[in-house]
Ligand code: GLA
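Presented as structure tokens, the chain that follows is alone, the form predicted alone.
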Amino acid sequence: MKKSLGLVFQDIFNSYPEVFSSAPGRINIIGEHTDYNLGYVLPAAIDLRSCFFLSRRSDKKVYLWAENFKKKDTFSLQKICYSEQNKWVNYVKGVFWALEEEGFNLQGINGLVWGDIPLEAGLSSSAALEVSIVQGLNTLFKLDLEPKRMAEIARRAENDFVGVKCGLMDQFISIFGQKNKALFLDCEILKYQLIPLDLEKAGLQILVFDSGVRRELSSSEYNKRCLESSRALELLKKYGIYSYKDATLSVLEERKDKINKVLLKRARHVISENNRVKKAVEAIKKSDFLMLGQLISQSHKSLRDNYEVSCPELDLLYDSAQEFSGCLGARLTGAGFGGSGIALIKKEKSDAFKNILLKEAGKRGFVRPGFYEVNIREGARANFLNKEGKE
């Protein structure tokens, strides 16, 4: 695929690419809606990636080709404006804009974008695209950006240019991910620990359930949840609780009469989810996958009832998992409101579980779901190509 994309680049731009970069999507094993609340998360990079071929131009123009859509776009670095027509290009523009805001005076490029991460499915296709862009530009122009700073620039592109108030988790795992390891991240201080997670050795796998329900985060209730959880914490600060990581459910319950019911539920999810992440880390270290599965399922219940970001299609995954002996646990992953869920399942039971989900989705008149059997793989990388566009 990489070779054929290089040929497409040559055909589009009549020249060879100088740099190839790629970055992975991710699953979040547990720790949902805790990243922007400066709590704990436990994501892992997967073997679905966003790829970027690029070469320098002598002017300030950026010429792009999106191979997935067979669409082109052009913009000037002297005036980077949000595009209402081609939404995909805003993630690329956002990275250039963030780098310009950071003081980098970049040249234009020719660039080709392609990826096999399903869009708007909760697998972080947008962060993977942003990271592949910043990784490629860092290599091409020798910007000497540290990995953590690249993650922060990619996040700034999504927060301040695209308009999605996400946390740093998606960009962080896309850069720092490693094969067969989950990443335990404290989103407040950005301290992280890579936790060995060899599911294959345990006879398990992560099955991604793509509900087929699409949503655009910037126009969904995602930003509303960010605001609600922030307001809940502001109220808790009156009682000496300054961080969700330091809060306890018992203290929250003591103050429940003083807090709006909606905000109370949002805070209850964030506090309990932080606790589940820490327990999940210990379960993985002990290879206690039954406990990990239980925590994953508990996470979905809280996301459904307290944070209210599930939907009937994702609840189908959770409900079916409770009745299927080969599934240890299941939950929605990503922002919710559609997108995907994950199931921790015995490998030999995967096909049987898929068939149950397909049958139940058909009974309920849902869109036919898709499935991805993902593996935990390495993070972003980039390298120069030779004069013929080869490594």
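Because the structure is predicted, anything quoted here is derived from the model rather than measured. Don't overthink the numbering: it's just position in the shown sequence, from 1.
Although not depicted, the form predicted in complex with the named molecule is the subject of the following passage.
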Just to confirm, with a 4.5 Å cut-off on non-hydrogen atoms, which of A157, L207, L314, M169 contacts the named molecule in the predicted bound form?
M169
Answer key, the named molecule contact in the predicted bound form at 4.5 Å (heavy atoms) among Y222, W97, F176, W88: the residue is Y222
Residue-level question: is W65 within 4.5 Å of the named molecule in the predicted bound form, judged on heavy atoms?
no
Please tell me whether any heavy atom belonging to Y36 falls inside 4.5 Å of a heavy atom of the named molecule, as the geometry stands in the predicted bound form.
yes
Would A361 count as a contact of the named molecule in the predicted bound form, using a 4.5 angstroms cut-off between non-hydrogen atoms?
no
Is there a non-hydrogen atom of A335 within 4.5 angstroms of a non-hydrogen atom of the named molecule in the predicted bound form?
yes
When the named molecule is placed as it is in the predicted bound form, which of 178-186, 71-79, 160-168, 291-299 ends up with heavy atoms within 4.5 Å of it?
160-168
